[in-house]
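What follows is a single chain, given as structure tokens, in the form predicted alone.
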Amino acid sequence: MFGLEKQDSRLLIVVAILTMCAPFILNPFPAESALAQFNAGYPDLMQRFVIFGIFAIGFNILFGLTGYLSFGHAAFLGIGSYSAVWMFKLLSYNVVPALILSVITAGLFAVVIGYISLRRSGIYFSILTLAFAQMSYNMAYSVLTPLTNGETGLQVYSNDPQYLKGDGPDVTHLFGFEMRAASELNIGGWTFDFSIGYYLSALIMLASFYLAIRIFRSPFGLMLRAIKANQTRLNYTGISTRPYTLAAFVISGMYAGLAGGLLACMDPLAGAERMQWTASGEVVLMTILGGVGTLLGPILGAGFIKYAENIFSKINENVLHSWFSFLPDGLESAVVWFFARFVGEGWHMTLGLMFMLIVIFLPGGLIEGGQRIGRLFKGKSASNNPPAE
């Protein structure tokens, strides 16, 4: 299917089914139940799952295939957002021109940054990309204020030209279909939201995932794996690796620009904080948590981190008291105090501990964990069905 092998086709179909059915899968608990706190099936969060999935897929093409660790990919995320908002200001709220410009602009910046940074490898390459990202962040706050609007952030105003707006809506849209438009389905105690913005982002993520599969399985992808395995040996054979690594860097940057453009389509506001080093570190964590060099790992890692950020951070002491109200007063207070260290403002503690456990016991990330569970069940089924003598 689509030029893919059977195994890759099955993987793409599974990802497509899970993505399309996300409003049901991510709302396992009734809306009025105490466990509804853990539901993640609302449009804003679902969009972030797939958008940062795109970001992580692109980063994995560089880091997972070539081994080049970039600490500056947030620069392309921010550039994509700024480009999209400028399209909203100059043309209209239609998201198509905005996304196209986001990808092109991020790609052009990636050519320049990659051409310079890829003159070095290892930690020196990582430091160079981090330096470029911090330069972009500081320039967006100060030197380039006419283009970025500094601390306030770039946004659309009523006096902006919007030459192609016509009678179109005053919100981001896809040829008249508003990105924020959503329909609600109530079944018993469950509420499911279906958003145009989510499904557009999901379809783009599936296309990005398909492209990543083709890259992984192509001769170009094999060359990138060879660079990761032993770049020096390739150089000795007379093969110049620079064009391949630069191409991977540019493709990865374009993925990041696309993700930044989609973030602006969710909310037409672009700020320099998207270029900060913490955003670059976040995509590194996503890729490592999911599984570096795997196809599905970056998507799982992005969903894992965004779930923790948006769900665990909302659990405050009042919620914890409602959960443990059946305990005696003194014990309830002690239990609430303990768990409050890991949720709410302390959710980073939970994420840090999980990251440590995964790195120590599952170096291959969540994908390795799933593979181990699969082998465990296969072993049990084999032991329950011994071969006939």
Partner chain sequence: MGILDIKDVGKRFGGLQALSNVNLSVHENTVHAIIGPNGAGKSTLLNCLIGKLIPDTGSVMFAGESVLGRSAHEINQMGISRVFQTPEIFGDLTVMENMMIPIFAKRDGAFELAAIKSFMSQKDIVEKAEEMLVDMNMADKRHMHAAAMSRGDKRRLEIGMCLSQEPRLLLLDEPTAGMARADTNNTIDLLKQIKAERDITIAIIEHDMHVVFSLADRITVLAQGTPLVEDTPEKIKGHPKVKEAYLGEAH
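Positions refer to the first chain, counted from 1. Just so we're clear, the structure is a prediction, and the values are computed from it rather than from any experiment. What we label the rigid core is the largest C-alpha set whose atoms superpose within 1.5 Å from one form to the other.
Keep in mind that the form predicted in complex with the partner chain is missing from the display, and what follows is about it.
Segment that reaches the partner chain in the predicted complex - one of 223-231, 148-156, 106-114, 88-96, heavy atoms within 4.5 Å: Selected range: 223-231.
Is there a heavy atom of residue 163 lying 4.5 Å or less from a heavy atom of the partner chain in the predicted complex? No, residue 163 is distant from the partner.
Examine residue 313 and determine whether its closest non-hydrogen atom to the partner chain in the predicted complex is within 4.5 angstroms. No, residue 313 sits far enough from the partner chain in the predicted complex that none of its heavy atoms falls within 4.5 Å.
Please run the contact check for residue 235 against the partner chain in the predicted complex: heavy atoms, 4.5 angstroms, yes or no? Residue 235: contacts the partner chain in the predicted complex.
Taking the partner chain as it sits in the predicted complex, is residue 318 near enough to touch it, meaning that at least one heavy atom pair lies within 4.5 angstroms? No.
Which one, 219, 188, 122, 176, lies within 4.5 Å of the partner chain in the predicted complex by heavy atoms? Filtering the options by heavy-atom distance leaves 219.
Taking the partner chain in the predicted complex as the reference, which of 209, 199, 244, 132 has a non-hydrogen atom within 4.5 Å? Only one listed residue qualifies here, and that residue is 244.
Residue 236: with the rigid core matched between the shown form and the other one, does its Cα shift 2 Å or more? True for residue 236: a C-alpha shift of 2 Å or more.
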